[in-house]
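Here we start with a single chain on its own, the form predicted alone, put down as structure tokens.
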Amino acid sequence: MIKLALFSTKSYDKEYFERFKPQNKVEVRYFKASLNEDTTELAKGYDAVCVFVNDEINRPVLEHLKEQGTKVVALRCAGFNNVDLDAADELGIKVVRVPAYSPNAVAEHATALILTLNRKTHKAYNRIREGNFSLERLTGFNLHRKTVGVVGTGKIGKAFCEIMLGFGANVLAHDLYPDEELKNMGIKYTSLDELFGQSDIISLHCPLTPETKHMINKESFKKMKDGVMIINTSRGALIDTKAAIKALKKRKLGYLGIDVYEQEENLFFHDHSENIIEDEVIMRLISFPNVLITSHQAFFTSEALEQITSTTYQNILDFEMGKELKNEVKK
């Protein structure tokens, strides 16, 4: 039986990992703490650790895990930018992930951000509850025939493209590996600069790498239309947040919808309602009426949680049984 230490546990993690746990094959210990250099001792005696997007799996953490006998790091997410893959390779620790748990969940949430920002349904909801039935300052725009730029057309980006086609939008895309099926649907692949220049809405669906970090920055804003809408459901550091704030103040950036944030590890997934939030950048973002922030919930559907859990368990069992690791992440 393989022993698994699951970090950054929330109630829904425990619910699904208990519901789908392979009986007599995996023993799970749940820790509310995130995995970092101060908490690696908790994993002592466990063959595998299961981590999420804001856990820190750097070289010191991996070295300590190796000393304690951990053989595999199982990411219950698609992104792996928080893992030092070079160190893992050198130490002989396997890294596995869940590459596609529910592309539609994330794509649909990106669409929800667009519609909410555009039609201001969140503001209308609050007005009505206060007895205010005015339509003043609630004007939106049709998505039909607008140009939507999609950066990254993997499984999530592809699902998002299909949704935008359903709205009758003109869809531009940028990806190192164009999808022939999307091309046949009428989607035009183009350069990043052309996508920035022509799009009314830009939605980010690419991984965070050294090449994509701060791809939305001061210079890229100069190439965009005035009043452009930007949606990010991928990784926070794709956007230079301080540059975005300046673009908002200058009205270059007309709408910003984000489910991720550069410094989210100290904020997201926790209740800070009774605390003073010291992050001045996100507080400035919150102050803008044309900014909508959700707390990394794009993936958060029952279907996605079920897929995340089952794939994570399968990854761990494949390792234990010496099978090919289909979802291994290599440097």
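Quantities reported herein were computed from a predicted structural model and do not represent experimental measurements. Position 1 is the first residue in the sequence shown; the rest follow in order.
The following text describes the form predicted in complex with ligand NAD, which does not appear among the structures shown.
Judged by heavy atoms within 4.5 Å of ligand NAD in the predicted complex, the contact stretch among the candidates 132-140, 101-109, 249-257, 85-93 is 101-109. Screening V73, I156, I202, I216 for any heavy atom within 4.5 Å of ligand NAD in the predicted complex leaves a single hit, I156. The contact with ligand NAD in the predicted complex, taken as any heavy atom within 4.5 Å, belongs to V151 out of V148, I114, V151, I239.
By the 4.5 Å heavy atom rule, the three marked residues C206, R235 and H296 all count as contacting ligand NAD in the predicted complex. Using a 4.5 angstroms limit between non-hydrogen atoms, H174 touches ligand NAD in the predicted complex. N170 falls outside the set of residues with a heavy atom inside 4.5 Å of ligand NAD in the predicted complex.
The shortest heavy atom separation between T212 and ligand NAD in the predicted complex is within 4.5 Å.
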